[in-house]
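First comes one chain, alone, set out as structure tokens in the form predicted on its own.
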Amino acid sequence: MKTQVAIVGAGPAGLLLGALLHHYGVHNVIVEQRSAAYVLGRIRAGVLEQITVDLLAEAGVDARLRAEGLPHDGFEMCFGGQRHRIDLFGLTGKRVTVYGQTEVTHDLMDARTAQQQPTVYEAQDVSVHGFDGSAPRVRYRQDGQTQEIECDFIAGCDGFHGVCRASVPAAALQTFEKVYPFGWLGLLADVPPLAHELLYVNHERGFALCSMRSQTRSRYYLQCALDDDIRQWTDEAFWAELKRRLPAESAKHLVTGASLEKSIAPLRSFVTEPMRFGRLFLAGDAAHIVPPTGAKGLNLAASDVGLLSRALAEHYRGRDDGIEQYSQRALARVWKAERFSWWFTSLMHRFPENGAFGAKMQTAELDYLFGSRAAQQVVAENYVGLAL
């Protein structure tokens, strides 16, 4: 098989890249180790920056998003039992849209099928070759047969544990990482959201987040120990702990119900530099991970493939500036998002090693934030997403 761009990974990054390349007339093939059902079964965040919404529109896969997505003009932060609102639209003229990552993936899959674009699911032993020369190749096994895709470029959209970054010589990589000493316990339930907008909670018992996927489906999170056993967190225990961390008036309005999914996720910050190695490009979680506090993971992946798709389209029109600058431009935005996610995580969570002094510093910073329009504008600009 021959193509112009071979994309490894059929998550939202790989699928969006494929859709954008198709829009630009660049032929591509996606190779995914998992099944389509497995990819759709991943439970992830769903706060989309305007840049992500615009890219989905450019790719022609925004119809359901426009109809069902929930535009949010702000979000709330709670500390000391009081709720304070960040007016995103009033401070920046921009908003975010709540629309689940699963729905984004579903829309992209449906569009790819309708366009009869090739996707290989359940590919075994995927490997990448020749990206340091002029003849890159992607190999995999399927139905007991070894298959090979000859291509001009390879896009590694296969996540943190994927083969693409792992195939780069260690000497060519520089990595930066911070592992946080706690996790997020998440619960998904078919109950109406606590509020119209997201609520981030700083509490002495730990962080909490009240979010939603729709008007009838909610996603809640609690800061928890990394060694917590999910089996000990019954639905009743989760709801009781969430109520303890909410202001009393808010807790009264919390609607509880049976969980559809429950899991514990560790938090980390991670960046690989550079994001290009010859004819291999990394995008999304293959190159960087942010803590979910700032809702940047999916949006960074989208901005990566937005830059990459345009760079590759320009290449086939005779210009290589975008390819040459891809890593530098992508990393400039990545590090700004890493900074915001790190800051927001540090502000809202309890760090055991920081003790009483750290808690006082959080209170002082939160007091300053809600007494300063300038400080709120900084938060709002970062939350809605910085320009590409």
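Residue positions are given as counts along the sequence shown, with the first one as 1. Quick caveat, the model's predicted, so the values are computed rather than measured.
We do not show the form predicted in complex with a small molecule, though everything after this point is about it.
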Select, from the options 308-316, 212-220, 145-153, 255-263, the stretch whose residues sit within 4.5 angstroms of the small molecule in the predicted bound form by heavy atom distance. 212-220
Using a 4.5 Å heavy atom cut-off, state whether Leu246 contacts the small molecule in the predicted bound form. no
The small molecule contact at Val53 in the predicted bound form, heavy atom, 4.5 Å: no
Partner contact for Tyr200 in the predicted bound form: the small molecule, 4.5 angstroms, heavy atom: yes
Is Pro292 close enough to the small molecule in the predicted bound form to count, meaning some heavy atom within 4.5 Å? yes
Which residue among Ala45, Ile323, Leu70, Leu331 has a heavy atom within 4.5 angstroms of the small molecule in the predicted bound form? Ala45
Considering Phe238, Trp184, Phe79, Phe131, which brings a non-hydrogen atom within 4.5 Å of the small molecule in the predicted bound form? Trp184
